[in-house]
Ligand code: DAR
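As structure tokens, one chain now follows by itself in the form predicted alone.
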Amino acid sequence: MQSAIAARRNVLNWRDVLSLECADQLNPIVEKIIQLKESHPANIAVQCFDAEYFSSLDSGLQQRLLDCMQSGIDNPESEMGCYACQADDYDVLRPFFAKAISRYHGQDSQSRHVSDWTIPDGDMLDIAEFGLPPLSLRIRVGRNFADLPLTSAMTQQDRTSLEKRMADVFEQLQSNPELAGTYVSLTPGHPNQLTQQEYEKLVADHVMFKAMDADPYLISAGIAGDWPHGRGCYYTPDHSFIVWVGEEDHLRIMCMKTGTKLKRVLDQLHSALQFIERSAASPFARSQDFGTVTTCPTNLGTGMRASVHLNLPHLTTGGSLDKVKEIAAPLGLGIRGMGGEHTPIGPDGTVDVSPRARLYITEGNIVHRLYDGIGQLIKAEQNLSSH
């Protein structure tokens, strides 16, 4: 089957178009982008498309930009509307991406991201101080190798090569008692290939990611290409450490613990990341300005999401998130249902709490923001329960 990017190589060159008045000469995809600017004001990619900048690019870079925008063009209801295809797209196509990144993350695109895993106060960020019992604490990051195309531009050979590279890394992880686990694959004919029943069980247990070949956004972007080749999952017996291979990013790496000390989860994840990068003998992709490179611009910077499942029955009375979101928003927190975005609250009032920021914030500050936010939400919950 022709790849998503290869199928788009017949796009006409728009290099000679000097103004939008030349409508009869417009590249048909560019003409569609201009139309979408009017009809879909919430689509960040099409809103940040600049005709003058596009016309200044050579034909190769024009096509490269259109490839990055393809998902948002095919799916106009998208919010972000673009994915990077190569690790250096954010730098090579900076005039476009800087505007899109600034619009989504709400900060000046002239800022420069700085990474720092240390906790400012140097403490354990123990939520037991708020009177809480051990809870499900989880932190995940996305990572991509600098020497491979991103998942939106990978060939089937690229995908299986990534899986083979990680097989060697996972073998080395066996020497670490906390990280020793099992790798299972979706690649047809792979020695560790899962049966359909085994796969569905891991998906239900939130260990493996869902099938990607039915997602129109990922299909248009090329991310779902060659499904299910090169896809798999590494996990420890207690599911406290999980690595997804070949999903939206080359790797999604997760540490999860039931406990009270957030810093322990952060430290374990940081150590695991360093081990993986060192064992793979290939650096993770980074941008000088935007930090960790992720396929989707929404995850740039840290590539991190830290979250906790928090029981807030009084703040969620009637099954509504409105009250808890009102408190969480000024704290920089996002509130979701137990299964993620657009899923219901737990029957006991449990919600998923996570800092929204990824970019222009340090890894340590993300986790500290979660800790501070938990304290504020518990205080509000206790105030309601006392009335």
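Sequential numbering from 1, following the sequence displayed. Computed from a predicted structure; not experimentally measured.
The same protein also has a form predicted in complex with the ligand, omitted here; what follows describes it.
Is Asp89 part of the interface with the ligand in the model of the complex - any heavy atom within 4.5 Å? Outside the cut-off, so no.
Spell out, yes or no, whether the shortest heavy atom distance between Gln268 and the ligand in the model of the complex is within 4.5 Å. Result no; Gln268 lies far from the ligand in the model of the complex.
Is there a non-hydrogen atom of Asn299 within 4.5 angstroms of a non-hydrogen atom of the ligand in the model of the complex? Answer yes; at least one heavy atom of Asn299 falls within 4.5 Å of the ligand in the model of the complex.
Does any heavy atom of Cys85 come within 4.5 Å of a heavy atom of the ligand in the model of the complex? No, Cys85 stays farther than 4.5 Å from the ligand in the model of the complex.
Which residue among Tyr235, Tyr217, Trp117, Tyr199 has a heavy atom within 4.5 angstroms of the ligand in the model of the complex? Looking at the other structure, the residue within range turns out to be Tyr217.
Which pick from Glu171, Glu79, Asp213, Asp147 sits with a heavy atom within 4.5 Å of the ligand in the model of the complex? Spelling it out, the residue with a heavy atom inside the cut-off is Glu79.
So if I measure heavy atom distances to the ligand in the model of the complex, which of the stretches 71-79, 186-194, 160-168, 313-321 falls within 4.5 Å? Answer to the contact question: 71-79.
Sequence-ordered list of residues in 236-262 near the ligand in the model of the complex, where near means a heavy atom within 4.5 Å: Residue within 4.5 Å: Glu248 only.
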